[in-house]
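Next up: just one chain, as structure tokens, the form predicted on its own.
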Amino acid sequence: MSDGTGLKRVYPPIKSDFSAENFEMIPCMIKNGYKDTIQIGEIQYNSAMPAFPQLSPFEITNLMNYMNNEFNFNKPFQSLQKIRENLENCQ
């Protein structure tokens, strides 16, 4: 949802401890998708996140900084170089 709360028990909230604690892996999740279970509180989310391989590192950098500011993750500004490095290290 636009406020970062997700969709009930279908899609996990972006505005969560999981996102804040795993902020470094979010660029990979955006680019390559994500299929593992995400546990937030007592709720397990099993819906796969689709990949967005068409997004450039620049666009992903903008998304990361937007999420950081909008959802108060209190992370440092994400540079394009840092996101490129994260994307090169995707598992």
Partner chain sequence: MKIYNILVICFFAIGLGCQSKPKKLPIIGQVKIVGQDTIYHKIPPFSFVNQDSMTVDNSTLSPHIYLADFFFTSCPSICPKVTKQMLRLHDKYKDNDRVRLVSFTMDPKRDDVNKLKLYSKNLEVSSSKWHFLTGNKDELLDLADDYFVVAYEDDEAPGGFDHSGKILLVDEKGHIRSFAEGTEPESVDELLKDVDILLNE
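Numbering follows the first chain given and starts at 1. Computed from a prediction, not measured in an experiment: that's the story for all the values here.
There is another form of this protein, the form predicted in complex with its partner chain, and it is not shown here; the text below is about that form.
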**Asked** Within 4.5 Å of its partner chain in the predicted complex, do we find a heavy atom from each of F18, L87 and C90?
**Response** no
**Asked** Which one, 77-85, 63-71, 6-14, 20-28, holds residues whose non-hydrogen atoms are within 4.5 Å of its partner chain in the predicted complex?
**Response** 6-14
**Asked** Is G41 close to its partner chain in the predicted complex, meaning a heavy atom pair under 4.5 Å apart or at it?
**Response** no
**4.5 angstroms heavy atom contact with its partner chain in the predicted complex for F52** = yes
